[in-house]
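For reference, the chain that follows is the form predicted alone, supplied as structure tokens.
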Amino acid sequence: MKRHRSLLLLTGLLATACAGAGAQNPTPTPRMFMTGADTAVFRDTLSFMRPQYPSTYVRHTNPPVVIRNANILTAAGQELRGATIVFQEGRIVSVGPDGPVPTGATVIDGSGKWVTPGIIDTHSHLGVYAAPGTAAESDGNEATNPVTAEVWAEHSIWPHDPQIPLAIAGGVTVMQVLPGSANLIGGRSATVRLVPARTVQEMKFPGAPYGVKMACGENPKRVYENRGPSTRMGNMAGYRAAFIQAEQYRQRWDRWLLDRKGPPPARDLKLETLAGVLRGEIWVQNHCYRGDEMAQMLDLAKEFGFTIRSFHHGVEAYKIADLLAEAGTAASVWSDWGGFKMEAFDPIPENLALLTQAGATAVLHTDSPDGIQRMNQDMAKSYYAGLRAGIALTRDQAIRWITANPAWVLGIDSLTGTLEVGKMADVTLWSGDPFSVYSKAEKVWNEGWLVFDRLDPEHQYHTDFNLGQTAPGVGR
């Protein structure tokens, strides 16, 4: 993360902070502001800085699994035919022509079938806009103020949303749940594993950085037109005003953390989130359609010294693909959605291909409880649209649109998103080539836990909401 330009990076900062972490009044360092790495020094000693609402996710105990004679798309540069993948204790231990058979392993014949990493969706509202879709389940937009950075999506997620098992059946293992786009800054996102759970904390991906949802264009100016913002220039002024406040808040806290004289500054939940953005701890996930508006947001990020991790929807991302590549900002886009409002009137099906060609991080997302069930089909549509346009693409690049690249957007790419030794066993077994409309996810493992088996009703998860639709004892 690019650090805020006002930081004075002095030699010995970390040593000074460490030495003073346990003292009442460490020697102050005048006018020095802290980065996310520096404030982490204090987390073990200052209770109010410790992570709140921590994940309680626990890896499920499962037997080892060996899938033989399968075709494997690793999303790490290899497409293997007639190969073997082995995973044990939640981790991949072998991918290649052959592999060991651990004691007690479940051995599966993958002849004619395909294996990919579990699919990851960077943009979902499952849980916060839960089925059956009445007003009682509409918990995704805190549309009471243009800036509601204080709210967290996880405090709205209903883990018994009956749409979650449908996403699992589509091969999805991880998703980012975001607040809606009514607000300029709508609150924190949550990265969750798609597993049977009683609470959202049992789903939350341990260690995944928080995101913050920002939204450009028509949505916030439409929602707040009577009291502002009502224009795009009003939108931009709103972002800038919020980050000016956050910068002042961050500086107050940094000074206190360095000298610890007197009581700490008053906490402000909204500004805590935005200060986290300025420190590089919380990553910006930005709903934005038009190319010119995305360029404006890149300028805003430069002004305040943070990086936008990904633009979402990005119908016109292809127009500024070079700017995105230069900025290190991903584009999470649809395969072919568009035309449903003015800022979405210029879509092309080659969007993902052109982003990839320019060297930008291209991601396919859904923003849809229906689309999340068939992300492989949207990937294939975009892949073939690129080929028809004469753009050189590989199948590995395309599978990365729904696996490795979204893992990078969510900050979990060192753990999942590819089929490599040591990575988490987030694995989907397909009935056929995942680029075919006829193929379905047959089995899905989430960190080695078999959470879905199309051929075995005992491994077809149903939430408590729709439990009465199944035979007794089935799907739990």
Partner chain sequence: MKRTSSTALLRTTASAALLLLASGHPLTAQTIAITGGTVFPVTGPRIENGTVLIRDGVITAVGSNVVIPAGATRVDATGKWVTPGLIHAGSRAGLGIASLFQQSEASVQGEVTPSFSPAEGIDPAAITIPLARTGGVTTGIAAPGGSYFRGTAVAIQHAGSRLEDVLISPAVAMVLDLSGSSKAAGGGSRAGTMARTRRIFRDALEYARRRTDYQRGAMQELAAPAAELEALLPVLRGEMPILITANRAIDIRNALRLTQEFTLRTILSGAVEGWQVAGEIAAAGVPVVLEPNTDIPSFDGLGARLDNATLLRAAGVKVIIAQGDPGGERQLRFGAGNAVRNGLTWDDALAAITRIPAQAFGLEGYGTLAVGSVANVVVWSGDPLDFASAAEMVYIRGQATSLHTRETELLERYRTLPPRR
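All of these numbers come straight from a predicted model, not from anything done at the bench. Numbering follows the first chain given and starts at 1.
Below, we refer to the form predicted together with the partner chain, which is not included among the displayed structures.
Partner-proximal stretch of 264-272, 396-404, 114-122, 322-330 relative to the partner chain in the model of the complex, 4.5 angstroms, heavy atom: Result of the contact check: 322-330.
Name the single residue among D367, E293, E350, E154 that comes within 4.5 Å of the partner chain in the model of the complex, judging by heavy atoms. Only one listed residue qualifies here, and that residue is E350.
With the partner chain left out of view, choose which of R252, R374, R91, R240 has a non-hydrogen atom within 4.5 angstroms of it in the model of the complex. Exactly one residue meets the criterion: R374.
Within 4.5 Å of the partner chain in the model of the complex, all of E79, T361 and V421 (non-hydrogen atom): Contact check failed for every one of E79, T361 and V421.
V223: heavy atom within 4.5 Å of the partner chain in the model of the complex? The answer is no: V223 has no heavy atom within 4.5 Å of the partner chain.
G104 within 4.5 Å of the partner chain in the model of the complex, heavy atoms: Outside the cut-off, so no.
Quick one: is T231 in contact with the partner chain in the model of the complex, heavy atoms, 4.5 Å cut-off? Judged by the heavy-atom cut-off of 4.5 Å, T231 is well away from the partner chain in the model of the complex.
Within a 4.5 Å heavy atom cut-off, is Y289 in contact with the partner chain in the model of the complex? So Y289 does not count as contacting the partner chain.
Could you run down 118-132 and flag each residue that has a heavy atom within 4.5 Å of the partner chain in the model of the complex? Those in contact are A131, P132.
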